[in-house]
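The chain below stands alone and is given in structure tokens; this is the form predicted alone.
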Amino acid sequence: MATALQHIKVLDFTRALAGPFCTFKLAQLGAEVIKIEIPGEGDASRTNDPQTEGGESYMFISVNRGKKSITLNLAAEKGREICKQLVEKVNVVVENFSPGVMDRLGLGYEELSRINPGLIYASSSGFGHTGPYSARPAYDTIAQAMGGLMIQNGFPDGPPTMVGVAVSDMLAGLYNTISILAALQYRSITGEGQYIDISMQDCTWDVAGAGAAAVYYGTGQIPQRNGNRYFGTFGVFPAKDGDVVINVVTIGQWENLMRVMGKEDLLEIEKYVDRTKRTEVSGEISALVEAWTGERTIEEIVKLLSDAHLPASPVPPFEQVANDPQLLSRNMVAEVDQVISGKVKVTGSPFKLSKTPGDPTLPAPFLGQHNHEIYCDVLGYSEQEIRQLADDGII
């Protein structure tokens, strides 16, 4: 099967989530990703709970599928020497150590680009490699807070609330992937590599501030937390048997909603005429919609609104989403066959490319699984040399 990145080789120094999510996306698009791990330990996420009966972390499997694992001790001079030999053979390096770590190892961009002038070197960290916060340690929740997301999330009378998934980690991974793809395109034209510096705070701000910043800089208004209601006809509403999401925004949608609710008389009242006026009486409208949804089941509400071409959906429990017929029809639940743990269900690939879709069923590697392949076949080491490197704790 042809893949979009089938000729691209990536040397992956990443660990935890933000970095591995980036290289996982590259692997899904067909890149050969060689993951460098600490001998005897590996990526710390290998020990994360929950684990399969075979002792593999589900989290590790989920973001390291399709990669090749080799062990290499970068603290040893011989390990760094071998690393530089590998750099000559790849197109892309990805790392998410704290700023300065790779430079101290002699593996920063300036050094490696002298070895491979066409190298694309992508770094991601909490605050990036420049600026007054660059040395600060940061994880997803720090980036959510410092990127302006947390202050906007939650209920008006409650505290700022973190998003339940590691969204800043994932955003950094996606922005890094986009940057690498752009750099590959640039290199295909010019032959030149380049350095990429991705900040989790930057990526979060780019999303959290997309609308809010425009309002703030334009009017001076500070975004407020709105809980589950953005305004009167946009949010989560209670039904007799659960919750529904209604997303009515345009004038036409508002008029259709009032007809469905049997409230056509409101269309003639001045304060309900346009969106600006309706925003001023959002609480009144919200109460009207809530009273209407509270008398009906989720199924009734969704059918009535969908038949009127109005956006609405249930808020299904997670187990229902995980078995959703729409997701299943688009192969968004896949099964990988792990060497150690056997068959494990995972999310499928969102990349639906007609000619180069990639393979979402490739397994995650066990630690050092590809040592022989990479060191012997790629670098030309002999079996005896491989055994000696293992005995010396280099691999």
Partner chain sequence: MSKALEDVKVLDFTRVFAGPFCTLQLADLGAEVIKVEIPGGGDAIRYDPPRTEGGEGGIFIILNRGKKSITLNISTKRGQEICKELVKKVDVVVENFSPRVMERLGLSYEELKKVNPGLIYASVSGFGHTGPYSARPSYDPIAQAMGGLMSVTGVEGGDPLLTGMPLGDYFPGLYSAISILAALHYRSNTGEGQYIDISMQDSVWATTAVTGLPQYFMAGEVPRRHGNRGQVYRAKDGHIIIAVGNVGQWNNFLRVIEREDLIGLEKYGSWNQRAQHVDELQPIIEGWTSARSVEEIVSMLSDAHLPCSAVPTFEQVVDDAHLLSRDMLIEVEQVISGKVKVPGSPLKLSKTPGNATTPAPFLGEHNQEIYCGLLGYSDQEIGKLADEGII
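Numbering follows the first chain given and starts at 1. Quick caveat, the model's predicted, so the values are computed rather than measured.
Form predicted together with its partner chain: not shown, discussed below.
- Heavy atoms within 4.5 Å of its partner chain in the model of the complex map, among the stretches 77-85, 263-271, 290-298, 307-315, onto 307-315 alone.
- This chain is drawn without its partner chain; in the model of the complex, the residue among Leu107, Val92, Cys203, Ile285 with a heavy atom within 4.5 Å of it is Cys203.
- Think of it this way: in the model of the complex, its partner chain has a heavy atom of just one of Val101, Met258, Val281, Leu181 within 4.5 Å, and the residue is Leu181.
- Here the marked residues Gln51, Val321 and Thr347 all reach its partner chain in the model of the complex, each with a heavy atom within 4.5 angstroms.
- Shown alone here, Pro159 lies within 4.5 Å of its partner chain in the model of the complex, counting heavy atoms only.
- Within 4.5 Å of any heavy atom of its partner chain in the model of the complex lies no heavy atom of Ala390.
- At the 4.5 Å threshold, heavy atoms of Asp241 stay clear of its partner chain in the model of the complex, well away from it.
- Taking the partner from elsewhere, Asn73 is found to have every heavy atom lying beyond 4.5 Å of its partner chain in the model of the complex.
- Heavy atoms closer than or equal to 4.5 Å to its partner chain in the model of the complex belong, across 173-196, to the residues Leu174, Tyr175, Thr177, Ile178, Ser179, Leu181, Ala182, Ala183, Leu184, Gln185, Tyr186, Ile189, Glu192, Gly193, Gln194, Tyr195, Ile196, ordered by sequence position.
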